[in-house]
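Given next, in structure tokens, is a single chain: the form predicted alone.
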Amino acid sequence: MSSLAGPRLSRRIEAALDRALARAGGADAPPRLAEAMVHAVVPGGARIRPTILLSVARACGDDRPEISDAAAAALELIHCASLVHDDMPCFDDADTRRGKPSVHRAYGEALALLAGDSLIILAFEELARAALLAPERGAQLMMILARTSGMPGGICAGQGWESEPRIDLAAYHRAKTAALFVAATQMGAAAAGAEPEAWPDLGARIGEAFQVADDLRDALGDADALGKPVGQDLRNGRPNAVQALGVEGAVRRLEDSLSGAIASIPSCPGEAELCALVRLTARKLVPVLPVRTTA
């Protein structure tokens, strides 16, 4: 569970994911595929994207929590699906994820591919269920998640950039990482009946910060502590903020992105609480990194 979320938000996220996975793993489901889907989602990592989504929804009133919960589950399911695919041999060929075997190592490539695909479909099923309760909000949520998951600027595009001969680092980061953070802020607003177009800057800046922090961890971190392999960017010839900017430059970019995120929060009833969440995020991301630069 996320240390950035209060216990109530964490419980909402986990309960929503449990409900979705239970529907996917009914009596007629292939047991190993159902197990692979659960393996990909539980236990989770930081759950930062659904935490941001629910935090924005609360800041905007959260008048339909059942809609917000469905949106949070859908967003996390898409994120988990992207990790399953990212770990496969055709991409990173990673043995571990979140401190345990990656899905393709535990269940084989065929079931990993199907698990990732099934999680994507399950995410949109969750939003379709929300649309039955609130059609306009549900349609907005599906549009936002589709746009930030696919082409031309979603996480599929981000993965696709890795196969291009020349890569724009900013465009790559916007698609691969920032897109789902933009989804988190816009979906949180839409789920609460607020205007989603006021929120992409916050998501983009948080997303950039997390990508740079991830680049720093990949370049400088410890695999045992992170629960996943490090040095993947260099090994796979992928763009990395540390390679492009140096360690000190990457840390400065991280700090600037988080400062910009706080400044970009739109006026809303829960603005102060949301500012506090972003500041807490900043404290957790920034302090340890400059220490590593002197090593």
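Worth saying up front: this structure is predicted, and the values here are computed from it rather than measured. For every residue, the number given is its place in the sequence shown, counted from 1.
The discussion below concerns the form predicted together with a further copy of the same chain, not included here.
Chemist: If we take heavy atoms and a 4.5 Å cut-off, which stretch out of 31-39, 44-52, 238-246, 256-264 is in contact with a further copy of the same chain in the predicted complex?
Modeler: Of the options given, it is 31-39.
Chemist: Give a yes or no on whether each residue among Glu195, Leu202 and Gly221 has a heavy atom within 4.5 Å of a further copy of the same chain in the predicted complex.
Modeler: Not a single listed residue reaches a further copy of the same chain in the predicted complex, so no.
Chemist: Would Glu109 count as touching a further copy of the same chain in the predicted complex under a 4.5 Å heavy atom rule?
Modeler: Taking the distances in the predicted complex, the answer for Glu109 is yes, it comes within 4.5 Å of a further copy of the same chain.
Chemist: Does a further copy of the same chain get within 4.5 angstroms of any non-hydrogen atom of Gln159 in the predicted complex?
Modeler: Yes, contact at 4.5 Å.
Chemist: Given that the partner is absent here, does Arg23 sit within 4.5 Å of a further copy of the same chain in the predicted complex, heavy atoms only?
Modeler: It does: once a further copy of the same chain is placed as it appears in the predicted complex, Arg23 has a heavy atom within 4.5 Å of it.
Chemist: According to a 4.5 angstroms non-hydrogen atom cut-off, is Asp214 in contact with a further copy of the same chain in the predicted complex?
Modeler: No, Asp214 is distant from the partner.
Chemist: Going through 170-185, which residues have a heavy atom within 4.5 Å of a further copy of the same chain in the predicted complex? Please give them in sequence order.
Modeler: Ala171, Arg174, in sequence order.
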